[in-house]
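Only one chain is given next, in structure tokens, and it is the form predicted on its own.
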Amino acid sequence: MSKVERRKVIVVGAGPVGLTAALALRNKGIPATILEADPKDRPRPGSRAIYLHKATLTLLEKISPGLGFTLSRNGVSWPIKRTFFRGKEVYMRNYGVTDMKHPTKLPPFTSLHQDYIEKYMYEACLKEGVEFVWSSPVKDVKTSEEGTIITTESGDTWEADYVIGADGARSVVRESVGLKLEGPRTADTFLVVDVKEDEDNPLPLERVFHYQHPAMGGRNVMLVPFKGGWRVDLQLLTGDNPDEFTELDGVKKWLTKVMDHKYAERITWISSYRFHQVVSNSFTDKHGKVLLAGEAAHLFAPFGARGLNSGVPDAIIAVKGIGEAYSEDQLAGKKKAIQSAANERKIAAEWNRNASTTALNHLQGDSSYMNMKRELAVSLTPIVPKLGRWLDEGPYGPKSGPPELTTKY
């Protein structure tokens, strides 16, 4: 039998961005309810988002004291990164020993499996009294000047003042209110492989990037450690048959060319994808009752770890906008508060898309101009070391943030 429930704010999606939104609501004293399509103990494939910037850890620590430190202490922060060009090392940086256990100072970043990120965020949500409604896939969302009405696949109805859509790339919330992702999709195929670390004889804790790996026919390869394992990224070339590289036997064949043979028997996840570079045409609906966050609002190439690390501020600024809307007496003031939050995060998303596009061109661009720049940088690195740094940092895009924005959390 269907039911009708009423809440102030409903978050759709129990991934890291939805969990962030719930924690931000509780931090402002607003009740938080999360509707999640999957069951409570749903299996989650692969490592997915493994990297949290210090800025993200700081935001999480602010809305949920202790969470930023919990995440950092349970992850790893590699002290060394290396970049190679056709097998020749062109850049190395040693950050020194990073104290992940420092009582008051967060590290520059932490790297851990998304399952654990979600675990610690979920525990923080339970502590703060967040309500979870599992196995409740959303079928439709309708908005009006009065609020929102969510209908689930089971026929239940949920009424709320506001909805935060954090339900991922195939967001039902976004589609229901008539918003659309806009932008290009890359043509190249990329592979991601997770392998479990050999705890008795682990590899050095280093992030390693290879331009045109000589053992891989000139394909780019990146190896990134996270707590308990490694992520291996492989960029295929135009004309490659992805099936030859993604089937388990195929992965084992090429993985042994870039890692010790033992890791071929320690594979835990294989995925292939083409990057979307898309941003929603608006982050709120026409009535100012829905706000999008995370992959419901944008999809980027992962260089620079811009997905989750932009989804967290999306959620926090959405809650800030809702809090300001509640403080307004008139409908116009409420809509202005929501629109301001939506505009801010759209500006940031468009900047991140442009930054990741720059990174993609640096990484895979095959124009004569880009090839010349890379070749020149490699040849001059012994004389001008900062060119090696340019090669190293290029795949991550600009390090500076988006334009100065007026809304602050």
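Residues carry their position along the shown sequence, with the first being 1. All values reported here derive from a predicted model rather than from experimental measurement.
There is another form of the same protein, the form predicted together with a small molecule; it is not shown, and what comes next is about it.
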None of 136, 280, 189, 77 but one has a heavy atom within 4.5 Å of the small molecule in the model of the complex; the exception is 136
Can you pick the one in 37, 59, 355, 67 that has a heavy atom within 4.5 Å of the small molecule in the model of the complex?
-> 37
May I ask you to check whether residue 48 falls inside a 4.5 Å heavy atom distance of the small molecule in the model of the complex?
-> yes
Close approach of residue 294 to the small molecule in the model of the complex, 4.5 Å, heavy atom | yes
Give a yes or no for residue 308: in the model of the complex, does one of its heavy atoms lie within 4.5 Å of a heavy atom belonging to the small molecule?
-> yes
Check whether residue 143 has any heavy atom within 4.5 Å of a heavy atom of the small molecule in the model of the complex, and answer yes or no.
-> no
Testing 266-274, 85-93, 284-292, 206-214 against the small molecule in the model of the complex with a 4.5 Å heavy atom criterion leaves exactly one stretch, namely 266-274
